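Next up: a single chain in structure tokens, the form predicted on its own.
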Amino acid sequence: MYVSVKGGEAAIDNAHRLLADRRRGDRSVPALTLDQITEQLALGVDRVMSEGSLYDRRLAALAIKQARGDLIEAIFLVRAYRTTLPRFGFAEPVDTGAMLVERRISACYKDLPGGQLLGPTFDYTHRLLDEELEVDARIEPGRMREGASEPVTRIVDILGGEGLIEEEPGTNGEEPGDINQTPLEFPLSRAMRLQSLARGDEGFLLALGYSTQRGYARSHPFAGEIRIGEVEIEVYLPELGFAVPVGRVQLTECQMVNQFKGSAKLPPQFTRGYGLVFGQSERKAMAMALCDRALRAEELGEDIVAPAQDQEFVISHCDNVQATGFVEHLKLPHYVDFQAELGLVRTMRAEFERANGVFQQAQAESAIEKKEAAE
């Protein structure tokens, strides 16, 4: 039977007011501004933009504030807002080779054209809490940017010049598709997989990428290149007959280089895994590149033996908005379902007890008969 709920609307309104109160926190502490979030919690903003699939720092900062710092909830908010926006068209493919890099490293070459640019990174910091950050340090206004003033050569282009790495897999002349407009139907093209991975949950992809390194797929990766920087976005205007720049965005690109023994059709060479995400999100880009390479197993004639190689498993579970919806819906009322399950379990227990009672009685009678026979 269904148990009715009374006063639900008023309770929900009160919950919203309480949430707003807790979001504001102690009134003696200054309220957090969007500029503070954008400038000082930039990596959280970058993750929300990437997995929310919307490049807008201020909206991402607003979502983080509204979500009280819960990044997955903030991603959910941004993704929902994105669905309300009109679609004017598509940008031209960006040229990451022309990126003005702020950070660019390679684990394959020590000395490479353009040099290693360490940029802003935690890689060389001690994992110790810095108590000096408790102090409100005053610095000169403005953001400092250091990096290459000209585009620098990509590592995969160096390997490609010697024929040591496969050519970039193409789309065979087909349109790459758009996961926002086309329902996912497996098997997916690589372009559709990469779109799904780009907005997939960082933690989930990180775990899958880690699994490939522990033997749950054929993977021996090298970080061919990780670069962070700005690229120009262009949109083709039919009335002009050419593309015009409309702005710049910051991207993180990862080219993962993997061994490949070759086949009857291909000589031994390196293969690629690719990751590209908004902002400075190199851990996500690396995890994405590892998963991309694992998902190419069938294309490269490798056995599919691990979760990271199963595209239906990976793509269907990497979206944190979908995962959140399915998990958190369990908090909604399920009174009818539970009453049905409760009645079923009670019936099953009664049948079990009856059967068990009959069995025990039969055992007792059998024991008596054996005793009488022995006497």
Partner chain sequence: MTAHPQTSGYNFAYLDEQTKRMIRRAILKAIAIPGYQVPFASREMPMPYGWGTGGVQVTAAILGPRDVLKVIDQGADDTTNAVSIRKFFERVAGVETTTRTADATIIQTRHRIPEAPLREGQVLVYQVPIPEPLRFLEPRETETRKMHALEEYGLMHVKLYEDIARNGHIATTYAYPVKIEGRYVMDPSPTPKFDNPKMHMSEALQLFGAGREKRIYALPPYTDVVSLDFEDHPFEVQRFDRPCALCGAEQVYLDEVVLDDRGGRMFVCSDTDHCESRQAQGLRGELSGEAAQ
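Fair warning: this is a prediction, and the values are worked out from it, not measured in the lab. Positions refer to the first chain, counted from 1.
In what follows, reference is made to the form predicted together with the partner chain, a form of this protein that is not presented.
Looking at residue 244, you'd find every heavy atom of it more than 4.5 angstroms from the partner chain in the predicted complex. Though the partner is left out of this view, residue 310 does reach within 4.5 Å of the partner chain in the predicted complex, counting heavy atoms only. Using a 4.5 Å cutoff between non-hydrogen atoms, residue 301 does not count as a contact of the partner chain in the predicted complex. Contact annotation for residue 187: at least one heavy atom lies within 4.5 Å of the partner chain in the predicted complex. Scanning 79, 283, 296, 104 against the partner chain in the predicted complex with a 4.5 Å heavy atom cut-off leaves one residue, 79.
Screening 21, 9, 365, 353 for any heavy atom within 4.5 Å of the partner chain in the predicted complex leaves a single hit, 9. The chain is drawn here without the partner chain; in the predicted complex, the stretch among 71-79, 160-168, 231-239, 271-279 whose residues come within 4.5 Å of it by any heavy atom is 71-79. Shown here without the partner chain, the chain has no residue in 242-270 lying with a heavy atom within 4.5 Å of that partner in the predicted complex.
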